[in-house]
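In structure tokens, one chain follows: the form predicted on its own.
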Amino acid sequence: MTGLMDPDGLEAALRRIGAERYHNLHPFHRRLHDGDCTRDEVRAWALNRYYYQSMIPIKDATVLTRMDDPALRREWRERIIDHDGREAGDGGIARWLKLTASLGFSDDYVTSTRGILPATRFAVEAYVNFCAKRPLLEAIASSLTELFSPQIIGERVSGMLAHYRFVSRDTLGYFTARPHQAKRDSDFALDFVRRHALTEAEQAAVLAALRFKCDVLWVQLDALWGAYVAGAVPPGAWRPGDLVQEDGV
């Protein structure tokens, strides 16, 4: 930063971070969506990504506790409902479990998180801790990766349907609602940041928060590449062939 920006300048700087650092640029993203992953690599991605998805409502709950304005809380709690659902079997987490089940994992194994990579756990928990401990403005700014997610979701769904016979629109159902939800959420968060980042220090902090969130997403793909493409699976993590039922998959 070289000085205080107006809201449009701040938004442009945030969008540049996405253009330069969002995880659609990661080689594993390209490998997954171009059809170059093995079935086991897709399994590893879905298994590890579950932990991120499952912790999002917990992260959002930590943010909610620091909102004094009931209108803000009403808006923010929709994010929790999106993932947890309004009843058992509803919501994004349940739809993600439908994907992992279609890939041969039992729900008990997935939800136990026993097989996830250490780097996945560290990155996701760092994000939850960030949102719990940092100022509200920074926690909200860190969610602005949602500005860029509709593009990656479109690439993910079209690419996986085109290249992998073992997935379907039904098993990728998690992504059906996400573009609308992400647009709603990012519109709210961007408006909040534009209105409340009023000093150079605050603007620098929100830019750093978004860079941090991009790093959280990037390092999860780094871990998948190292373990399942390069073959350096760490002790305790899921290994191809373990706890997978091929029948019916």
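Since the structure is predicted, the reported quantities are computational estimates derived from the model, not experimental observations. Numbers for residues come from their place in the sequence shown, where the first is 1.
There is another form of this protein, the form predicted together with another copy of the chain, and it is not shown here; the text below is about that form.
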Answer range among 33-41, 214-222, 184-192, 48-56 for contact with another copy of the chain, defined in the predicted complex as heavy atoms within 4.5 Å: 214-222
Contact label in the predicted complex: D90 to another copy of the chain, heavy atom within 4.5 Å: no
is_contact(P235, another copy of the chain) in the predicted complex, heavy atom dist at most 4.5 Å: yes
Touches another copy of the chain in the predicted complex: P179 (any heavy atom, 4.5 Å): no
Contact of F122 with another copy of the chain in the predicted complex (heavy atom, 4.5 Å): yes
Another copy of the chain: the contacting residue among K133, R169, R86, R165 in the predicted complex [heavy atom, 4.5 Å]: K133
Contact residue in the predicted complex, chosen from Q151, N129, T111, S158 - any heavy atom within 4.5 Å of another copy of the chain: N129
